[in-house]
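The data below hold one chain only, encoded as structure tokens and taken in the form predicted alone.
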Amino acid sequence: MTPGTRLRIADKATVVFCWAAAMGTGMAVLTVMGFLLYRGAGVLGPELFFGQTHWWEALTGARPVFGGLWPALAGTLLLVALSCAMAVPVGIAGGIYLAEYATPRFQGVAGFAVDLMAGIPSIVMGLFGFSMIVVLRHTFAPQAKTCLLLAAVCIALLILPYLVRTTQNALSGLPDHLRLLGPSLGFSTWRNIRHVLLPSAGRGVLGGVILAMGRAAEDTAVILLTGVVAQAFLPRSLWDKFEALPFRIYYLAAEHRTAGELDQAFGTALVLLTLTGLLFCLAFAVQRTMEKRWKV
């Protein structure tokens, strides 16, 4: 067999392997979605969301919802909004600094710290938040307790490394001619970043934001130790305990007493997947809008 023949066989084998991997991933997703639809589609309806409470009274908080997942849905949305509001600006700013301002030596040290932080298991982050409350209760805040704000802070710390790395990689991967475009027009460093580099790297930066939103919506281990409970109704403030969809799925799957309650867990999983998909679509729409605006 000639070297050229071996190379052609290796190329074809690589293509076949890549196609098989892509098809396997698609089949796995379709299988999971099909199973969830089979088990959970039958319970989807107003009763799954609001229990026996009228939908308007549930949405406005006039009456508590027993047995419905509306408080968990609202708690998940609040958790994602709060954690992203804290992490996204800091993460993007950190990525810009590492890519455009930091010295190579500092990039290496800070990059190692970011990678180390990204590898922290979420349960450890939850323990960190719980330990913070224990310390506060024994020092200058005896009334401190686990709550929605603490869970959002811990989730923000969990997704922060992804935002820093994706922003840094998106900016570092830009070609040199784009980096020289701003200085050739007399732009300052910040104006070059603001008007040239960030628009060019927008897809990568916003891709990191989308991934961060998905991680914030689905993580269970962190909130398990920082404020989520099985029955808390709608949170009235940042200091209240709250419900969340991932924990409701875990609770129903682990503590169900009837087949109907287990089906509710599958229905809740479908709602969580739908919510995550809607957040992705929203972030994608924002990404397209910002790209068009930057191009103008």
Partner chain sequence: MLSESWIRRALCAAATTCVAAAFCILLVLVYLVLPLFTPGGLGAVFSWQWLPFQGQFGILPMVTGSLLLSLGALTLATPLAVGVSCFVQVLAPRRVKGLCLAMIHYMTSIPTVIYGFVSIFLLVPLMREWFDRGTGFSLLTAMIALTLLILPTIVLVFHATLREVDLTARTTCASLGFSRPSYIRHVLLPLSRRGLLAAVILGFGRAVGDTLISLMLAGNAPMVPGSPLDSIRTLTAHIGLVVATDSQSTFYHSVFASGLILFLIMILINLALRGLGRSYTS
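Not measured: the values here are computed from a predicted model. Positions refer to the first chain, counted from 1.
Heads up, the form predicted together with the partner chain isn't pictured, but that's what we're talking about next.
No residue in the set Phe50, Trp55 and Leu78 has a non-hydrogen atom no more than 4.5 Å from the partner chain in the model of the complex. Of the residues given (Leu180, Ala85, Ala141, Val90), Val90 alone sits with a heavy atom within 4.5 Å of the partner chain in the model of the complex. The chain is drawn here without the partner chain; in the model of the complex, the stretch among 265-273, 41-49, 231-239, 59-67 whose residues come within 4.5 Å of it by any heavy atom is 265-273. At a distance threshold of 4.5 angstroms between non-hydrogen atoms, Ser172 is out of contact with the partner chain in the model of the complex. At the 4.5 Å threshold, heavy atoms of Gly94 reach the partner chain in the model of the complex.
The closest heavy atom approach of Val153 to the partner chain in the model of the complex falls outside 4.5 Å. Remark: Thr220 counts among the residues lining the partner chain in the model of the complex, judged by a heavy atom distance of 4.5 Å or less. Contact annotation for 25-58: residues with any non-hydrogen atom within 4.5 angstroms of the partner chain in the model of the complex are Thr25, Gly26, Ala28, Val29, Thr31, Val32, Met33, Phe35, Leu36, listed in sequence order.
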